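There is one chain below, alone, in structure tokens, taken in the form predicted alone.
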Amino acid sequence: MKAIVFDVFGTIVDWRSSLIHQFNELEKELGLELPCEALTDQWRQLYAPSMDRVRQGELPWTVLDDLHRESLVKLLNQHGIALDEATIDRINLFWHRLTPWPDVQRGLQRLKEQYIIATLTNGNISLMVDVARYAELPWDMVFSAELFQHYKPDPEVYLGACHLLRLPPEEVMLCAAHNSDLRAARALGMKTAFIPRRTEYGLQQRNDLEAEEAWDVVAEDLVALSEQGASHPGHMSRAKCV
């Protein structure tokens, strides 16, 4: 194995707490009462359906920033919240300032010593560059759905990253906190690593609490994953490091 590519939203960054915090700050600034948690959760609920409209051909290729903004406008209208265009643009950029989970920076730095590390995300390139700078993420490369004009779980995204790395799928591992993402990658011959993020959706989260299949590696966090890699560089296979 030569490279590890990472899902970002949920696996690397805590999008939910980050968005709620930013909504709370905006609420204080504007002197408005905003349903901060509801807006955050409902916005995320529109994430997959908005991409499915692109994947199914209902919309032409549209980057995630634009899909996010369309979903945001819909939500604000539903809640009867009237904001000017500049403020809506500001809120849409909340996704560009997301805080990493506590283990991420240390884990990625250690993994980078042994492997190529990169994103494999539905976020567009400018979004991911901003997240990387804000969260101080040491990527070797940013692979984005935008490069392939397909959204995960379309195979073009996974295979496209392998192709650009000039590596066969079996030499590339996807690390994700979402079992469905790993299923799509494994079906194409990639290695898989599961990292649980049990509060990604808050304390009431019910999905992706544990590995649902025998992934190549199951690690409690990225530090544990990096320790497995340091012990067996290039051979993180059929291991459970918890």
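Start at 1 with the first residue shown and count on from there. Since the structure is predicted, the reported quantities are computational estimates derived from the model, not experimental observations.
The same protein has a further form, the form predicted in complex with another copy of the chain, not shown here; the description that follows concerns it.
Residue 114 is the only one of 87, 71, 99, 114 with a heavy atom lying within 4.5 Å of another copy of the chain in the predicted bound form. Of the residues 33, 29, 52, 66, just one reaches another copy of the chain in the predicted bound form with a heavy atom at 4.5 Å or closer; this is 66. Another copy of the chain is not shown here, and in the predicted bound form it never comes within 4.5 Å of any heavy atom of residue 82.
Contact between residue 103 and another copy of the chain in the predicted bound form is not found at the 4.5 Å heavy atom cutoff. Among heavy atoms of residue 140, some come within 4.5 Å of another copy of the chain in the predicted bound form. Interface membership of residue 75, defined by any non-hydrogen atom within 4.5 Å of another copy of the chain in the predicted bound form, is ruled out. Of the candidate stretches 203-211, 177-185, 43-51, 58-66, only 58-66 contains residues with a heavy atom within 4.5 Å of another copy of the chain in the predicted bound form. Counting a residue when any of its non-hydrogen atoms is within 4.5 Å of another copy of the chain in the predicted bound form, the hits in 147-184 run 147, 164, 165, 166.
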